[in-house]
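Alright, here's a single protein chain in two forms, structure 1 and structure 2, each given by itself as structure tokens.
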Structure 1
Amino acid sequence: MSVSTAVFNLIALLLVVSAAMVAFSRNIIYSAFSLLGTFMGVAGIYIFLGADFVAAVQLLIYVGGILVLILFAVMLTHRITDVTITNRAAGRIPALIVVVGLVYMLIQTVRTTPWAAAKQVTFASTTATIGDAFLYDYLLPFELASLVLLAAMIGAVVLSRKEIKE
């Protein structure tokens, strides 16, 4: 087993274990902290695929932003740890059907896809290519994304502003 395979297995193990902890932990704070491992594991897989930019963004946004946001939300919410409701949804049977369907689909996909062995992954920087794509082929979605953000920002201000009473 080469070093890279060993590292990959390690990352995969980290990912699966922490994902399981997110799902099965009864304490929501443990769940939130376990997300850290999941996000880091995903970033590791991106690095293995030679997607350096995506890996960096994954760390910046998910670990640096979203995870911190979740932790803040959990800790600032009063008595969330005392609540006896766990994150189990009411309808177990419908959930089971959906999960079985999804798992079937994924397994079928893995089985029937003609996997080609990856060519030697070249670890070249992808950032420049992504930047070019944003400004050439995907110029319109790139600009539209700023429109979505503008609408969301105005909306957030409207909804959270204190009403001035006359």
Structure 2
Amino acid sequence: MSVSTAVFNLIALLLVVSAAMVAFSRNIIYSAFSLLGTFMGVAGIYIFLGADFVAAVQLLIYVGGILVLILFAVMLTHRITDVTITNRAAGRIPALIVVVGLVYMLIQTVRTTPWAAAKQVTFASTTATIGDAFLYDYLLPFELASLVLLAAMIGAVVLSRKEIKE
């Protein structure tokens, strides 16, 4: 087993375990922190696919922005861990039947598919190409999109502010 295969298997294991913890954890704080491992694993898979820009965006947007927002929302909500669920066993048997069926279909698909070996691909950096496209070929649509986002942000500020009555 090569080093890259071992690292890929480690990242895939991190991804699957952390995604399972997100889904099956009874504590919402643990689920939110497990989401960090899931997002990091997805970024690692993007790196293995040679999509360096998408991996960087995954880290910046999802880990840096959305996950932090979720953690702040969870931690600033009072008594969120005190919530009791009255019927935890509802729907377990149908869900188990669906999961077993899907796993069986997945295993059958993997066993019966004729897997062809892929050609050796050399990966090139995509970030410079995307940056050049934004600054040369698609400069006008890029700037128009930034103006639309600026107008939407100003509109949100105007709609959300409270008027002071004297």
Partner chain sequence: MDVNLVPLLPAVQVLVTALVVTLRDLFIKDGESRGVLAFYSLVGLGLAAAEVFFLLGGRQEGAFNDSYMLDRFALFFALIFILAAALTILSAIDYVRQTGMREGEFYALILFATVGMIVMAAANDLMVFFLGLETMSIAVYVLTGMWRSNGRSSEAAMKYFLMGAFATGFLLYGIALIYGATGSTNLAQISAYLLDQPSEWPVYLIGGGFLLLIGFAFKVGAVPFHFWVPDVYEGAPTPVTGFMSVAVKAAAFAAWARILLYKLSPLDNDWVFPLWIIAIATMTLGNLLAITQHSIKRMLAYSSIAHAGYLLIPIVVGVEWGGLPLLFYLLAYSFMTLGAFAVLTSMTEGDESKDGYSDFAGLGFKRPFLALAMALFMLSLAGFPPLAGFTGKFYVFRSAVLSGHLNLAIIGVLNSLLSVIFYLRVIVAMYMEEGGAAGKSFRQAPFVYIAVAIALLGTIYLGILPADALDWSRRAFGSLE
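Note that the structure is a prediction, hence the values are computed from the model and not measured. For clarity, a rigid core is taken as the largest C-alpha set superposing within 1.5 Å between two forms. Numbering for residues begins at 1 and runs along the sequence of structure 1.
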* Asked: Given structures 1 and 2, which represents the form predicted on its own?
  -> 2
* Could you check whether the CA atom of A151 moves 2 Å or more between structures 1 and 2, using the rigid core for the fit? => yes
* Do you see a C-alpha shift of 2 Å or more at L36 between structures 1 and 2, with the core held fixed? -> no
* If you line up the core, does T129 shift 2 angstroms or more at its C-alpha between structures 1 and 2? -> yes
* Asked: With both forms fitted on the core, how large is the C-alpha shift of T109 between structures 1 and 2 in Å?
  -> 7.4
